[in-house]
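Before any questions on how it binds or moves, here is one chain, the form predicted on its own, in structure tokens.
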């Protein structure tokens, strides 16, 4: 795959898991990254001292975050080529026990932040000759799972938002796609995997017979950001070991 050298990227949720893996892959391919995450210590511990990466500790759900993130990228690297909206949270529980506060929190991080940061980045993406947006959905963008009603709703919203963005932004040459990871081993998934039944369910759900790794999702993200994917837009790419087709 090609098209990463000297490209400027924003990656949210970059301190751990999938966001960290995507950031590492971009840096290894010659890109420059603004790595965004609320977990400042984790960001600095992983990225501090490395070339071509700028750490920005902020909450993507904050009202001021989009302008802050975009300004950092433009002032530091002179523009934006890639935006990877990876930041996300998951809160589980029986539907009847879920709260308004949980709804607002999950939707704020998983959906509203994508809308607002992408909107803020568009004027600069228009100036790129290879503008790409990749949003993190989930196989929950197409299905449902036990005790994940709000999370699933947020990921369905990511799919719909991405498709609409692809239609509206295509005239500027901006491709917009989303990833649909299955059950991936990350810090966010670890608490869920402490339940042996939950872990076994997702291991068995994937015909490949195991949980996925963050680097495997990063490889799919790199394809969608690459020059080879310049005519791919409005698409959800499953990275799930076949779980979504295993009825």
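Since the model is a prediction, treat every value here as computed from it, not as a measurement. Residue numbers count along the first chain shown, from 1.
Absent from the display: the form predicted in complex with nicotinamide-adenine-dinucleotide. The rest refers to it.
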Note to self: Considering non-hydrogen atoms and a 4.5 Å limit, does nicotinamide-adenine-dinucleotide approach residue 31 in the predicted bound form?
What the structure shows: no
Checklist line | Partner proximity in the predicted bound form: residue 15 to nicotinamide-adenine-dinucleotide, non-hydrogen atom cutoff 4.5 Å | finding: yes
Check: Looking in the predicted bound form, any heavy atom of residue 132 within 4.5 Å of nicotinamide-adenine-dinucleotide?
Finding: no
Next item on the list: Indicate whether nicotinamide-adenine-dinucleotide has at least one heavy atom within 4.5 Å of a heavy atom of residue 26 in the predicted bound form.
Entry: no
Margin query: Between nicotinamide-adenine-dinucleotide and 58, 181 and 186, in the predicted bound form, does every residue show a non-hydrogen atom at 4.5 Å or closer?
Written below: yes
Check: Counting only non-hydrogen atoms, which stretch in 95-103, 116-124, 148-156, 170-178 is within 4.5 Å of nicotinamide-adenine-dinucleotide in the predicted bound form?
Finding: 148-156
Item checked: Those residues of 131-153 which, in the predicted bound form, come within 4.5 Å of nicotinamide-adenine-dinucleotide by heavy atom -> 136, 137, 138, 151
